[in-house]
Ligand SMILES: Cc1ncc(COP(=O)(O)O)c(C=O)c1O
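Single chain ahead, written as structure tokens, the form predicted on its own.
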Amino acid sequence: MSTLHDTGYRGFASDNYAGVHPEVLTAIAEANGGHQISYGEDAYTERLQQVLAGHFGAGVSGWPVFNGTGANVLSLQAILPRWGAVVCAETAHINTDENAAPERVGSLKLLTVPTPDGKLTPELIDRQAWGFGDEHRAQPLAVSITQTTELGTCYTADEIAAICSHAHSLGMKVHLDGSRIANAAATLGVDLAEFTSKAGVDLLSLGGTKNGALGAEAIVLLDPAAGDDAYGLKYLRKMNMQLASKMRFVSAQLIALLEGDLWLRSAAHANAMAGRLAAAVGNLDGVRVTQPVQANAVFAILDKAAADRVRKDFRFYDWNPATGEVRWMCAWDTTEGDVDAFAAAIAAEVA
């Protein structure tokens, strides 16, 4: 098959637009050939467990899946009984961008909280963490936070530790949606354990796709005391159609990202490109950056007509059409030239 797209085109709509990192493609090729036992009994999935332990601590277990929605739904199903509910930010991905998968597939009740920056706090959690023992109310038994948030902001390790301590004191588990977890680590300058296992997070959705992988994510169970059944993840993963038969190719990608520093190099580069973009457009008349640029996302308000003109050459999404707020995303393969051309196009249209 010949190439069907313009390989020089760059958009700023999503880090999912980027292709697969060449080092990840190499890992897939190296995992090919011969036979390996299916459904996770392969050498690569076994090696992945060791790699994850190196990042998050001894006794953790990784459960490769295909996508972030599957990872989030499975994680929350695993830690909640049928009558349980999840406290999350109103802007959380599980509430805004996963259709009705948490409700329809996971049978989960979401208890949302409005936040100015996408981040929960113990005080905000308490707005929904009530009614324990009341059979008329879904029981708030889990908290789900996103790192980095849907607004591109980043929790500190201390902020997550405070959330975990508060949630655990109420008998609640804590799930972390880490589709852009590498971007957070790059921003904070700490290892992955610092704001996950060491902070008290019970389990997380570990993102790979947005950081250069091809349909490779994982659930990481951070509590070694959970036992071999791992909250039933062994059964839930199959039931939710997230069990890969040729799992070695999913695991090989995550190994390629996490065994060395590829995960951090790629995320730090994407973050730097977002910072470059914000600096280039932040002082333009007609552009107002609305959130701190703490990862690989820039949120800004500009005139709709100008935005639509820029979109003819550089695709990006509206975030809030009512206010004119848009979102610009940078990826592992975004170049300085890409950013400068995009910023110049914005400057020309708002002038």
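We number the residues from 1 along the sequence you see. Everything quoted here is computed from the prediction, not taken from an experiment.
The protein also exists as the form predicted in complex with this ligand; that form is not presented, and the subsequent description refers to it.
- Residues of just one listed stretch (253-261, 77-85, 178-186, 266-274) have heavy atoms within 4.5 Å of this ligand in the predicted bound form: 178-186.
- The single contact residue among 119, 166, 173, 93, judged by any heavy atom lying within 4.5 Å of this ligand in the predicted bound form, is 93.
- Of the residues 49, 67, 36, 290, just one reaches this ligand in the predicted bound form with a heavy atom at 4.5 Å or closer; this is 67.
- When contacts are judged by a 4.5 Å heavy atom cut-off, residue 150 counts as touching this ligand in the predicted bound form.
- A residue is said to contact a partner when one of its heavy atoms sits within 4.5 Å of a partner heavy atom; residue 210 meets this definition for this ligand in the predicted bound form.
- Mapping the unseen interface onto this chain, residue 98 counts among the residues with a heavy atom inside 4.5 Å of this ligand in the predicted bound form.
- Although the partner is absent here, residue 146 sits close enough that one of its heavy atoms falls within 4.5 Å of this ligand in the predicted bound form.
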